[in-house]
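Quick setup: one chain, the form predicted on its own, written in structure tokens, and binding and motion questions come after.
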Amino acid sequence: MKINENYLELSDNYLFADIAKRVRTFKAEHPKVDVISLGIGDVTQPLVPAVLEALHKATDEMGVATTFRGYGPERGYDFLREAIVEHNFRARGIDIAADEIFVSDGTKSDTGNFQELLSADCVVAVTDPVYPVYVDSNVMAGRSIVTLPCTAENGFVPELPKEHVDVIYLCYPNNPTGTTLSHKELYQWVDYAIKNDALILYDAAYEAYIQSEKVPHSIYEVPGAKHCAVEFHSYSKTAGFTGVRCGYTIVPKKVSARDADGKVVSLNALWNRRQCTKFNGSSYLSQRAAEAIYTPEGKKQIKTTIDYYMENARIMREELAELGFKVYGGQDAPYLWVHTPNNMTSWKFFEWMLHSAHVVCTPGAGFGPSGEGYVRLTAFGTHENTEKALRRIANRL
């Protein structure tokens, strides 16, 4: 028996697992120290009442024979897919059909798994810095990867590839930099993909945090995108579903690829076939919970939670700037991209933050070479811990 040797090309540790290990070691050595995490992007606010009510109701249904649900449809229940169409797309003038929506257990799974549909010789382009899953999942398949640097010098806007690529991963609002693309900038990518017969995999996991009316919530706001783009959405940060697990992927019927003989193949049909084989569907409970965020009460409650986190982002952005840090993002996203002081490496600054201020950040180098010299901070803490962490940082500079 032989292994897939592409796995040996991966770094020894997944970024967030490495951070967790270092924090555990520090806590074991300093058990009385109160460590505040502004690093890994888990949420802290509880599920909103509308979601809890839906979960309780769905749970009760599962205890009655006449309303019990077993295996659900692999694409997701109609009630959730229709709600997604109505509230996330039709309300913005975007024509997406329910049978182009695939409900899943989250964006991480789908962004990592979608590459299974693609030939191993496809050349993949990713921004740098980048969410590690895009890179690692393609390394596992043995694909060539082209990086598109996003730096302060280019405004964190990636340049179009100078060489041929088949697949492009874009994430906006961006994780980790917290920056966004304008409609004009996004149009350039759609135009490039159509002209070069490339596929865009667009991660819109943080679109609910967009505050500016000029920032697109979906790539399908750009004409032609349904011919070249697949889009991923998550309820993890939108509605606090990091433990509930639910998201969805849009695969338009117009998006296609070619087989070895040049025959056009529908990616919608292929993804459906893949999901039917490898995925039994998101749970009935989590889908009813997701449906509840589209009710009038759910919308108001979710907005309150998002506003809570974005207030954290505002406080962090303003106070860190006053302390002399160069800070990017945090205006249309829950992430802040902070330049390390005194030319410190990102891991050295991580260690300084942990050991001196007892605050956890995420080293930018873990997101790619262009992340060196930066750290990512998240706004998902409580107000109290966010303010306490900022005071600690200020007191130790």
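Start at 1 with the first residue shown and count on from there. Everything quoted here is computed from the prediction, not taken from an experiment.
This protein has a second form, the form predicted together with a small molecule, left out of what is shown; the following refers to that one.
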Q. Which one, N88, S236, T127, T180, lies within 4.5 Å of the small molecule in the model of the complex by heavy atoms?
A. S236
Q. R274, R245, K299, R143: which sits within 4.5 Å of the small molecule in the model of the complex by any heavy atom?
A. R245
Q | Interface stretch in the model of the complex with the small molecule - options 315 to 323, 145 to 153, 217 to 225, 168 to 176, non-hydrogen atom within 4.5 Å | A | 168 to 176
Q. Could you tell me if A208 has a non-hydrogen atom within 4.5 Å of the small molecule in the model of the complex?
A. no
Q.
Please determine whether T107 contacts the small molecule in the model of the complex, using a 4.5 Å cut-off between heavy atoms.
A. yes
Q.
If we define contact as a non-hydrogen atom of the residue within 4.5 angstroms of the partner, is Y131 a contact of the small molecule in the model of the complex?
A. yes
(Q) Using a 4.5 angstroms cut-off on non-hydrogen atoms, would D203 count as touching the small molecule in the model of the complex? (A) yes
